[in-house]
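We begin with a single chain expressed as structure tokens, specifically the form predicted alone.
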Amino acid sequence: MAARLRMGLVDCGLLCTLLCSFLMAAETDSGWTYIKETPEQHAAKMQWWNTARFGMFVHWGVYSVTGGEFRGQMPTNSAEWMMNKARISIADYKVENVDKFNPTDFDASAFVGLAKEAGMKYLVITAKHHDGFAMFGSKCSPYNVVDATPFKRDIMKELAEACHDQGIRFGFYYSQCQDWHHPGGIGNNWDKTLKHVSFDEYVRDKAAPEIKQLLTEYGPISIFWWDTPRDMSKEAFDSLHSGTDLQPGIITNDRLGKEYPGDYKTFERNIPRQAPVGQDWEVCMPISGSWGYKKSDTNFKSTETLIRNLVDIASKGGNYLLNVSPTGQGILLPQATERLKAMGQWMKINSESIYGTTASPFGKLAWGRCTKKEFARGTTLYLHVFDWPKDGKLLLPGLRNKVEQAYLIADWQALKIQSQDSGVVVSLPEKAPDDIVSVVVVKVSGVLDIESTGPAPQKDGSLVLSADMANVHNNEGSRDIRLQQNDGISHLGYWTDEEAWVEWSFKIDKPGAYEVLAELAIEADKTGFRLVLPGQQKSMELTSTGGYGNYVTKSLCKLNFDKAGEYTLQIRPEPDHWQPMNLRQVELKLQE
């Protein structure tokens, strides 16, 4: 089995690339050194992931025994945080949760089969969450599912084998910094029986050995999913990161630490309004309210929301990592199962419009979303219609290409098209084939020719970046920054978290120096933040404008754009100097 697992999902055509990626680290006199892969190596490594578009996240641990409840009380936050939020001692957590964990209804093959039926292409599961409990047979700590529970089975090994047997890529989540059980782990400041040791000791004795075990004893691992980065020594960072070199071609997310951006960016719970430029990315989101099983949580997203989320994310070039939470018996609640099966039914008909697609070439579409596949002689556009037009006319704004063919994906019904000044109009039948999302296929010849509908430079080259164009990066799933309206004008408000930040993606047509102007409102005496452009960073401090409703346009600084092209601009709070502000827009004004 081991030999079969080791080679089961490796594409021979990518073998050389995978071997190259295996050599991304080297031993030097000063220790392990990260060697950055080439763009070509990165693209080859990410090819399967960018084709997949849809994966399953699984939060499962001993906390599921009580469904997040402790002695009749239901702590706030998701269930996997119950030990922290209820300040449960290690001894009590063992008695109430660890000693009772016995999910005898768990069937790894059936569980993976449901993910496959839903149309998911990969699965990532919590090997160890913040409570420090290993859901596998850890060799360096007896605090694990095999040695410490009545179940006495290695859940990770069973899932790894089931995934490999069914052609699903497999990955591990591992909380590398927080560990509320080990005396050197971060996070437990309530259990006074815990005799603390250094964090480096925790990394040396537990985290690093467990990561090595996960990456050597469970067959091919496609993804390693870090979580909740904290400050630590370079030696600790390196000892954790270097473990991933044990799996050629493995993909990692961006939550190990500041100097380790990983292979893709993670958005938690919220879908960005615009995709980050030049980055692979995914949205992780629970199917209900809690990540781990919480018996009081009945807030399941509707099938319509889940399918439209998948479409929205794919239309921006991202992946959807949808989380489910098994119970203490090892099964999913009927609400989750029903929704996954419904997504699978939609995917049976429409998966062509999701797998292997890239982001929409259009700006915001009034009727829905678009994905595309580009070929040597043309492009296939997949139009995902959320709101079926009452007049039967579907406009593709700004499209100038010749349309070769248009039809409904559900039944191959041919559709008439007409080119006009505003773009291409597709004539639809009276009734939508699908009440949630119907897909129209439009095939065009030649290189895509679409008039831009994004942030457009004015005649003088200046550019306005409005609040509703911003990507909001809230911290670990919070909703501290919100898009709101005042006097009919959108603004970014409730910016209370100094770790939250915003970003715009845009195109510069005319290189040169630009004055940065911001229309904003500040209530506190002063606030500090940074403007971040690739290769440039400006720190500034602004004083009160007289209140959150008193908007003023202020000149912030000058930024230089050496050449035309695509850019990102970020506004990041200055730690310890930040006070909330409302922000309507940023203008880049070209200087003479």
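Residue numbers run from 1 along the displayed sequence. Everything numeric in this text was worked out from a predicted model, so none of it was measured.
If you look for the form predicted together with a small molecule, you will not find it shown, but the lines that follow are about it.
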item: Partner-proximal stretch of 483-491, 129-137, 158-166, 336-344 relative to the small molecule in the predicted complex, 4.5 angstroms, heavy atom; value: 129-137
item: Contact flag, H59 vs the small molecule in the predicted complex, heavy atom cut 4.5 Å; value: yes
item: The small molecule contact at F111 in the predicted complex, heavy atom, 4.5 Å; value: no
item: Y382: touches the small molecule in the predicted complex, heavy atom cutoff 4.5 angstroms; value: no
item: Contact test in the predicted complex: Q413 vs the small molecule, heavy atoms, 4.5 Å; value: no
item: Heavy atom within 4.5 Å of the small molecule in the predicted complex - the one residue of T228, S445, N102, N270 that qualifies; value: T228
item: Answer option from R255, K206, R308, H241, heavy atom within 4.5 Å of the small molecule in the predicted complex; value: R255
